[in-house]
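Before any questions on binding or motion, here is one chain by itself as structure tokens, the form predicted alone.
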Amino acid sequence: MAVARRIGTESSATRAQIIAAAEAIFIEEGYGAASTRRVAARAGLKPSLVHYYFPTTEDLLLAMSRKGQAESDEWLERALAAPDPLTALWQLMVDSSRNALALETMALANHREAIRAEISAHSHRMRARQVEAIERVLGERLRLDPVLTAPGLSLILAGIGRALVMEGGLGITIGHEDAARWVRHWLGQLTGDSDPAPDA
């Protein structure tokens, strides 16, 4: 197992400032612009201070990815604890507030094995939590349906939600309202709610 090379403490305000600067560059200029020198300038710090906390650019990128994962975990847990967890899960899937950052991180993962491995492991954990919640909510409905499964439903929600968010970011909206209405209707049928709430 590789030894962590981070020197600065996890709770440091300066460390958080550096990660926030990297996120801003990702969103505004793309992942290719997020060199430690550019991040230092954006944060108003000396490059040597960035290297104190993150000896390599990959260390910084991994820290930024893990911060995003921790935030996603918090949002997921709140959704699954909601009175109507399936609808809350769907609303989380179509939340576009972090779309630009997510797309840049996915693009980066195509070129950085460590980032790809982090995203893959985190996605597996999130999918497992979603499956547990779906099984808890639908229970007998799943056991009686010869086709529907919790992993399948989780993937359908994630796939449609991702398509809506990614296409919406490009200005593509054809069929989006229809697809979202169908998902809400289907979830309503599954849970016995004939009038599910619209997407937030």
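Counting begins at 1, following the sequence as shown. This structure is a prediction, so every number in the text was calculated from the model and none was measured.
Below, we turn to the form predicted in complex with a further copy of the same chain, even though it does not appear here.
- Shown alone here, residue 107 lies within 4.5 Å of a further copy of the same chain in the predicted bound form, counting heavy atoms only.
- Contact annotation: residue 174 falls within 4.5 Å of a further copy of the same chain in the predicted bound form, judged by heavy atom distances.
- Mapping the unseen interface onto this chain, residue 31 counts among the residues with a heavy atom inside 4.5 Å of a further copy of the same chain in the predicted bound form.
- Within this chain, residue 88 is remote from the site of a further copy of the same chain in the predicted bound form, having no heavy atom within 4.5 Å.
- In the predicted bound form, 116, 119, 120, 123, 124, 127 are the residues of 116-144 with at least one heavy atom within 4.5 Å of a further copy of the same chain, listed from first to last.
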